[in-house]
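This document starts with one chain, in the form predicted alone, laid out as C-alpha cells.
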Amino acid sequence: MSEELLAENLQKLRPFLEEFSVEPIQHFINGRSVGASDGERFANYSPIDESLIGEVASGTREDIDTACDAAAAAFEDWAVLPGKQRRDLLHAIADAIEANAETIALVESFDTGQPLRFMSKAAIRGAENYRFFADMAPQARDGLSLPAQHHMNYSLRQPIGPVGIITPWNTPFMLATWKIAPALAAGCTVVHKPAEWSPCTAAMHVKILHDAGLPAGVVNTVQGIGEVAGKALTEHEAIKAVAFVGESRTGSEIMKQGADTLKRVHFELGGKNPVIVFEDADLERALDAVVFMIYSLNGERCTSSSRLLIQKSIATDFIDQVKARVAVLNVGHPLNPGTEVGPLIHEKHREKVSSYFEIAKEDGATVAIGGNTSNLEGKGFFVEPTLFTNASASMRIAKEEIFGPVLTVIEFEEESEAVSIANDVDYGLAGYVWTSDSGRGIRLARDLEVGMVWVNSENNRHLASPFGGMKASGVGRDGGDYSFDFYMETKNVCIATNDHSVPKLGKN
C-alpha cells in the first residue's frame, strides 16, 4: 500500500516538476516574477535521487536594491492600513495556504528530502501562523497608559519599516511564515531571501500571498546565494531590521554586515540541546520523546535533542531500547507516507554529518548503530540513523552541532552533574527534562542555560509563548507579542496637565 501511495504522490507532483524544469524559479519583486539582473542562474537538485529540479535566478546586489526600493515604496501605504484590514487579508492568505497545502508539502518534500508525514503538517502550521498573527493585527499598535502626578504618559507602537528575512532550508515554508506573518501583521514590508538549497516553496509562498490580494511590493522574494544576495540585503540602508534563521557563524557575519546601518537583528541560530532523563521519569514516554526529537525531520532541526543525558542507574536498559528503536526506523523515499527518515538536504551537508562518524571513533565513543552513508537505489544523500554511546561531555560529538539523525549519549550520576554537562556547550537554545519530581523539574528549568525548557514533553509549540535561545543560539524572541517587539518601535508620549512648575533659566 505504501508503494502505491508513493506512486500516487509522485504522479501528483509531476506537473509541478515539469513546470520547474521548463520555467526557471524567478524572483518576485513589486508584484512581478523577474529574472536576475545579469541573467545568471544556479541549478537546484533533489536530495532524493540527485535529479535536476530546475534552474533558479541567482540574485545580485542590483536585484536586492530593486526589491528593497519596492518594499520601501510599499511601506507608506501598508503601514497605515487599519489593522482589521490586515487581519482580513492575512486570513485570506491562510485560506489559500490551506487550499494548496498538499501541493506545498509534496514540493517541499521533494526539494528538501523531508518525509511527507512531517511536511504535510508543516504546511498547515504555516496557515496557523498567518491566522494567529492575523488576529493580533488589530491590537498590534496598542501600548500602555502610564499616568504620573502632573503628566499623562502613554505608549504606542509603530512598524519599524522594511525588513529583511533570511530563512533556512529545513522546513523552509513553515519557517518563512513564522517570520513573514508577524512582520505583515505589524505593518512592515518584507524582502525575503530563502536558502539556495530549498527555493521551490519560497516561490510558491510569495505567489500565494499576491494571489490572495497582498499589494505589490509588500513582500518581495529574491532567490540567490547568501554571500551575494544575503549580504546585500543585510547591508542595505533601506532595511531597518533583519530576521535570520540559520548557523551561528552566519548570524555573527550578518551582525557585522548590519552594523554600519545600525540594523536591529533577530537570530534563531544553532543548538546542541540536551534531553535529560532521570531514573524516576515515565520511561516509556521519555523513550518516545527521545527518539522522536532527534530522528524526526531527519535530525535537521534547531530544537532537536541531540544529546541524551541518561542517569547511570537506568542507562543500560534505556540505551538498549533506544538502539532497538533506531534499528527499525523506516529510511526511504520521503514521498512514501511510511518513511520516517529521508535524505539530508545536500551532498555537502551529508559530508559534514558523516564526518562525525570517524570523529566519534577517534575520540573514543562507540558507534552503537548506524554510522554510515546510505542511498536509495544508488542515489540520494542518505545517512543511517546513528547512535553514539560511551561519550563524554568533552568530545566534539557532544559539543558541536551535527544537524542530522545522530544522537550522542552521555551518562551522569546526580542532578548537579547533569546540569553541568548540559550547560557545557556554546549553545543555549532548548532543553528537555524527564522526571516525576516536580521540584527537580522547576530547578532544572531555572538552571539550564537555554531559552526554552520542556518538562516531561517533546517540543510542543504554543504560538503566544517566546521562542529563542541564549549564548550562541540566538538573539531575541519570536512568538506572540514578542514578535511585535522586534518588528515595531515603541514610542512614549508625555502630555502635561499644565499644573506643574516649569523650571526657569535666565529670569530673575
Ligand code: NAD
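Heads up: residue numbers just count along the shown sequence, starting at 1. As the structure is a prediction and not an experimental result, all values here were calculated from the model.
There is another form of the same protein, the form predicted together with the ligand; it is not shown, and what comes next is about it.
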- Report whether all of Glu247, Glu253 and Leu429 sit within 4.5 Å of the ligand in the model of the complex, measuring from non-hydrogen atoms. yes
- Query: Using a 4.5 Å heavy atom cut-off, which stretch among 124-132, 101-109, 68-76, 188-196 contacts the ligand in the model of the complex?
  - Reply: 188-196
- Note on the structure: Only hit among Gly217, Pro168, Gly161, Gly83 for heavy atom within 4.5 Å of the ligand in the model of the complex is Pro168
- Message: Give me the residue from Lys312, Lys379, Lys323, Lys231 that has a heavy atom within 4.5 Å of the ligand in the model of the complex.
- Response: Lys231
- Query: Taking heavy atoms and a 4.5 Å cut-off, does Asn336 contact the ligand in the model of the complex?
  - Reply: no
- Is Pro385 close to the ligand in the model of the complex, meaning a heavy atom pair under 4.5 Å apart or at it? no
- Using a 4.5 Å heavy atom cut-off, state whether Glu401 contacts the ligand in the model of the complex. yes
- Message: If we define contact as a non-hydrogen atom of the residue within 4.5 angstroms of the partner, is Gly226 a contact of the ligand in the model of the complex?
- Response: yes
- Looking in the model of the complex, the residues of 254-273 with a heavy atom no more than 4.5 Å from the ligand, listed in order, are Ile254, Gln257, Glu268, Leu269, Gly270, Gly271
